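Shown here is one chain on its own, the form predicted alone, set out as structure tokens.
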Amino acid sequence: MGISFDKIDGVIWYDGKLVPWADANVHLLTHGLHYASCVFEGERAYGGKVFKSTEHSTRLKNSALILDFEIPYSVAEIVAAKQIVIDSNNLPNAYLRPIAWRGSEMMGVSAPSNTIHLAIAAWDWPSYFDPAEKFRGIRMGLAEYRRPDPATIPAMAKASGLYMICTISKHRAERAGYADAMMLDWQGRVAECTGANIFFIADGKIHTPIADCFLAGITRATVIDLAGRRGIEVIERRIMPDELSGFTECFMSGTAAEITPVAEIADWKFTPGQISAQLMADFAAEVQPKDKAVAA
């Protein structure tokens, strides 16, 4: 097991200034901890630049508005702060976690006047899955919990409270020997993985669930764009579990997972193939800073 995350050596951008990693703390009675009034992003830097930094910062701001608070920094200021974090920590290739939350001035459910805080941390996180396993396809189970009806939760926000069932589902999958779990939506249709979107391939076409009760990820959008450049049709539609036997390839996408082929979901089997490999290669090229790519 690696070093505990509260023991990492470095600095964190916290409410407009860099502070030592160990000093970037919140009080026990923080509203964001007790009532999940907290939004965040997961991002990666490649070659010293944060991939799609503006898109992530915009989504962070929008997530906060959905949770009825406003982050007191502009998108441009958040983008600049992320660059400061990776530069100050000498982490040209890193995972970043911007996070915003309501403070501790009021501990009731209603806390409209609580201070809104923003912090940005970065650390070295090379691969979400074991590299040897990743290229032959990971094994996934089927989650017991489902993505809720979007009429019952703020599904379009990247909010901390929405990940509670993801953690439970991933833990159960890992205990059963899987790397992750596929989640259905509240109507029993294929939705996503615990922290990534999912794609299926049949007859040279890519199929992916409509993202209306879970996040349409920024990496997901990148995959769709890359496939379009290759002339590969991407069909966003409702997918039922009993259709999975008709697909030949499957992969997941996300900031942490990047593009990861899937070999198994419960009793359904897939064989990572040409389209998955091509998109993995295209994504690896896409995330490199364009000035460096040209120079190379």
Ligand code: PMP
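Computed from a prediction, not measured in an experiment: that's the story for all the values here. Numbering starts at 1 and runs along the sequence shown.
Although not depicted, the form predicted together with the named molecule is the subject of the following passage.
No member of the trio T30, A64 and N114 reaches the named molecule in the predicted bound form with any non-hydrogen atom inside 4.5 Å. The shortest heavy atom separation between F135 and the named molecule in the predicted bound form exceeds 4.5 Å. By the criterion of a heavy atom within 4.5 Å, S169 is excluded from the residues contacting the named molecule in the predicted bound form. Looking at C193, you'd find a heavy atom of it within 4.5 angstroms of the named molecule in the predicted bound form. Within this chain, Y145 is remote from the site of the named molecule in the predicted bound form, having no heavy atom within 4.5 Å.
Heavy atoms within 4.5 Å of the named molecule in the predicted bound form belong, among the stretches 101-109, 169-177, 185-193, 136-144, to residues of 185-193.
Residue-level contacts in the predicted bound form: of V79, I218, C213, L118, one residue has a heavy atom within 4.5 Å of the named molecule, and it is I218. Residues S253, G254, T255 are the ones in 238-258 with at least one heavy atom within 4.5 Å of the named molecule in the predicted bound form, listed in sequence order.
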